[in-house]
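Heads up, the chain below is alone and in the form predicted on its own; it's given as structure tokens.
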């Protein structure tokens, strides 16, 4: 009888594994084809002397990776890009977390749905449209400058267009919904009775925020930071359009290697170096994330 029971359990486990494989297999196969196959091609290109197109002969070399460590220019741009990613992530948290807190713990009913619609509204438009709309706002004699000079006559030109702050504004506008949505999910999971208990024990609003809400919401904050930091480090569209000459970062250099200079091996090598540094940062931060759970 015990043997029959064990055999039945084994069949059930086998059927469960087959069901899981049948349901997840197509998704993993699609991810393998759309992510790992292009990455493998780029990894191969990064070790070539030239893009293997036409009649060009290409040979294996480490020169593309060596160029990054030999040229201060690339390392400076890499540090500048990581600084941009850190600043944009910080501003997204600074403005996004209070919005998520209000949505999760204050607003109820249809007002919450309406505000959620405003949060995800930027995703409904093309990224280029959003960026060029900011050029209309930030340029000289644009919407912002006209408004400021109307409120404060004699202010003069703001000179925001083609500047580092313009890049920050455009990137924060593009990525702040990620921080709001991830923080909202973590804040929504916090039981209101915990906050009420802390308030009944005499804790003030700032104490509740610092000792209770922020630690419990940390997984959502970290998830939002990763979703923002990683793409911002390699961004090229916003810096090029809003930054002008001040918009030179590692992402714009990589884009130039693929589109303007047609030096695919160097562009691929710089991409993988940037990817490796990002993964190293996430690996270092992963123990802190595990402690938050």
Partner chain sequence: MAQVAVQEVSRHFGPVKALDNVTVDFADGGFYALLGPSGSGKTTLLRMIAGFDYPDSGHIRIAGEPVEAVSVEKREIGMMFQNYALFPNMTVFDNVAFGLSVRGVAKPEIARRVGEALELVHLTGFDKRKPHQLSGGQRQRVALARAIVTRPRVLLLDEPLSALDKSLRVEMQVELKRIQRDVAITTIFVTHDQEEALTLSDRIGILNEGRLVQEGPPLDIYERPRTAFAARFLGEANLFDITPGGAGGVSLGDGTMIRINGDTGAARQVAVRPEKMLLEPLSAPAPEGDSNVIQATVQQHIFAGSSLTYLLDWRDQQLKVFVQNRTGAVIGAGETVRLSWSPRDTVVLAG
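All figures in this text were calculated on a predicted structure; none of them were measured in a lab. Residue numbers count along the first chain shown, from 1.
One more form of this protein exists, namely the form predicted together with its partner chain; it is left out here, but the text below deals with it.
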Seminar exercise, completed: Here the chain appears without its partner; judged in the predicted complex, the stretch of 69-77, 133-141, 192-200, 168-176 with heavy atoms within 4.5 Å of its partner chain is 192-200
For this session: Classify residue 159 as contacting or not contacting its partner chain in the predicted complex by the rule of any non-hydrogen atom within 4.5 angstroms, answering yes or no.
Result: no
For this session: Using the partner position in the predicted complex, report whether residue 207 sits within 4.5 Å of its partner chain, counting heavy atoms only.
Result: yes
Exercise. Taking heavy atoms only, is residue 83 within 4.5 angstroms of its partner chain in the predicted complex?
Worked result: no
Exercise. Is residue 212 one of the residues lying within 4.5 Å of its partner chain in the predicted complex, judged by heavy atom distances?
Worked result: yes
Problem set entry | 101, 181, 107, 216 - the one with a heavy atom within 4.5 Å of its partner chain in the predicted complex | 216
